[in-house]
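A single chain, nothing else alongside it, follows as structure tokens in the form predicted on its own.
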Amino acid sequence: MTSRGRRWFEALAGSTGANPGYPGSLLAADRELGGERVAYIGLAPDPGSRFPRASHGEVGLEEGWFGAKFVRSLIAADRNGTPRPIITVVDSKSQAYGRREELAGIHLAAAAVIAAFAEARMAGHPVIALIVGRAVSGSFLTLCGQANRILAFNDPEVLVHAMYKDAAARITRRSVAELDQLGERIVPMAYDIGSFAKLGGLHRLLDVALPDAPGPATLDQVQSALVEAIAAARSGPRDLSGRLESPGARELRRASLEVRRKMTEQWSEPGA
């Protein structure tokens, strides 16, 4: 079960990402990039998973808890030195949907890894998300939501959204064709990565020649983009305010910006 995410993780990290005691779906390794050590984290299908609903690369219970454990180990190891960059290689279809996951608290496992990434970012670790495949629903929240910078391949197989079209069609009582038509007029409803980039959340959209086969030239291109993103993260604020300051965000997220302005204004009012 070789996914695009696993191929890119192994090419970038120079490792299978296997770690003793960790689930086979969680890939984690250190490697030099741009003259410093960086940590790579990714998910991949694991047919031997103890939780079948998480066997195809989803974010499940083990992925959340062990992911949080790994990130927190990096924070602890670098506490008295230079915080190393953390790069997530993202190709995960969603969170794991299952009765076991709900009973055992998948929301807590997801919150744990999200909190770990946020703590790492605020501690000075540049957190970079590289989306090479899918980042839908819980997989985007856990692997991308707390990143200082998000990069994505400009490729039809790359998808960032709250839910898949068939689910969105059922909930909104529309057909998939109708959703596609709405996406042509309403950017946040579109499913292509170009439309997502227009909203201002991406640091860079990468045109790679062979997204399924990371050869030397393509690998050099992506590594250069990662080095630049790390430098940009270090030179900018540690919070996520930059996502609202891009030209795309100022144009297409005007209502969100106005709501934030009014909330800040009212929060700061004397006696409020």
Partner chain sequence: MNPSETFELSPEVVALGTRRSYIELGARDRARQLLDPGTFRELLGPFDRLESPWLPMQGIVPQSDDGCVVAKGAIGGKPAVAIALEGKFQGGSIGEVCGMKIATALHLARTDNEKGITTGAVLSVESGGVRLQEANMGELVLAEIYAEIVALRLHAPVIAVVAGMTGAFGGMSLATALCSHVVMTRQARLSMNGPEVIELEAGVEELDARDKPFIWSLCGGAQRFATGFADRLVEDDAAQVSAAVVDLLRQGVPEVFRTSMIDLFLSRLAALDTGRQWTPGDIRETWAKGGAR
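Positions refer to the first chain, counted from 1. Computed from a prediction, not measured in an experiment: that's the story for all the values here. Between two forms, the rigid core is the largest collection of C-alphas that superpose within 1.5 Å.
Here the subject shifts to the form predicted in complex with its partner chain, a form of this protein not shown in this document.
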Practice item. Heavy atoms, 4.5 Å, its partner chain in the predicted complex: which of 224 to 232, 30 to 38, 208 to 216, 59 to 67 makes the cut? Say which one. Key: 59 to 67
Check your understanding: Is there a heavy atom of residue 158 no more than 4.5 Å from a heavy atom of its partner chain in the predicted complex?
Key -> no
Check your understanding: Does its partner chain come within 4.5 Å of any heavy atom of residue 133 in the predicted complex?
Key -> no
Check your understanding: Is residue 170 a contact residue for its partner chain in the predicted complex, using a 4.5 Å heavy atom cut-off?
Key -> yes
Check your understanding: Quick one: is residue 243 in contact with its partner chain in the predicted complex, heavy atoms, 4.5 Å cut-off?
Key -> yes
Check your understanding: Which of the residues spanning 109 to 144 lie within 4.5 Å of its partner chain in the predicted complex, based on heavy atoms?
Key -> 110, 111, 112, 114, 115, 118, 119, 121, 122, 137, 138, 140, 141
Point to revise | C-alpha of residue 250 off by 2 Å or more between the shown form and the other one on rigid core | key: no
Exercise for review: Would you tell me if residue 18 moves between the shown form and the other one by 2 Å or more at its C-alpha, with the rigid core held superposed?
Suggested key: no
